[in-house]
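One chain comes next, on its own, written as structure tokens: the form predicted on its own.
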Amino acid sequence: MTPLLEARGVTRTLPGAVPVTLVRDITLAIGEGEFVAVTGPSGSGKSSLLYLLGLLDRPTEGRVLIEGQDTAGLSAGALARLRRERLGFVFQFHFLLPEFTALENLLLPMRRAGLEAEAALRARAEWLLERFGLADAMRKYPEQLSGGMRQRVAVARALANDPALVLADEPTGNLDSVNAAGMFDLFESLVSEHGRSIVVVTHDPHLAVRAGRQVRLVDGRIVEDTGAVPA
């Protein structure tokens, strides 16, 4: 079966008088319905790897494939469409637009994709917010919501265009322990109930163990992968 996402020998080096290599020779495959935690010490390349997997950065060497499609030769516009239609992103900071309500924050990327009529988009956005316990927050602005609620809106927005894969970079970094655990409850339900694949970068080992698979990085290299297939 073709992996949902695959990195083949991916390296990312920043040019300069003294080049800096962020990740080195990463080979990794993510299948449908997987919940993967990427862990490792600060500066190990976790976020850099996530940005490469999410097509937000291009590798210096190697290739990233989405559902078997090699992305190396795609234009910036084609990459943007692929990200918008097949990938969802959640970051440590929610990045909600403050001048728009929670509902409008979901509708913006959906309208940009233009895959459905406005009534269908609104119905889906409302359903997502209700699904995440945000029915009463739809018409509130980000400043009127708690930190945990803002992150739930951010997750709902990541799912707005029904992506196959959600990539999350330290999504619990600004949350207390209760809301952080709730965020992982949400990720688990997305995998078990909706068949989504989740790749989450986290520094918290107590949360990481809740993922079905852990990939540990040190100095930009994978040193452990609990889901790797033996050679």
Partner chain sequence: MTDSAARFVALEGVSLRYGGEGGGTLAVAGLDLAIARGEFAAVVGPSGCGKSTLMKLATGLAPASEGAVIVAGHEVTGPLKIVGMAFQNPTLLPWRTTLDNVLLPLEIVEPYKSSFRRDREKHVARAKALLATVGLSGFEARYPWQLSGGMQQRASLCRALIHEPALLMLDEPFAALDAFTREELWAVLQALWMERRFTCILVTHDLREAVYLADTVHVMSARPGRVIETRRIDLPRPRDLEASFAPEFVGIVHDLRARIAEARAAA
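This is a predicted model, so every value here is computed, not measured. Residue numbers count along the first chain shown, from 1.
Missing here is the form predicted together with the partner chain; even so, the following discussion is about that form.
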| item | value |
| --- | --- |
| Contact check for Leu97, Leu108 and Arg157 against the partner chain in the model of the complex, heavy atom at 4.5 Å | yes |
| The partner chain contact at Trp127 in the model of the complex, heavy atom, 4.5 Å | no |
| Residue contact check: Glu118 to the partner chain in the model of the complex, 4.5 Å heavy atom | yes |
| Ser146 within 4.5 Å of the partner chain in the model of the complex, heavy atoms | no |
| Interface membership of Asp57, the partner chain in the model of the complex, 4.5 Å heavy atom rule | yes |
| Options 49 to 57, 65 to 73, 24 to 32, 200 to 208; stretch whose heavy atom lies within 4.5 Å of the partner chain in the model of the complex | 49 to 57 |
| Neighbours of the partner chain in the model of the complex among 67 to 97 [non-hydrogen atom within 4.5 angstroms] | Arg83, Phe89, Phe91, Phe93, Phe95, Leu96, Leu97 |
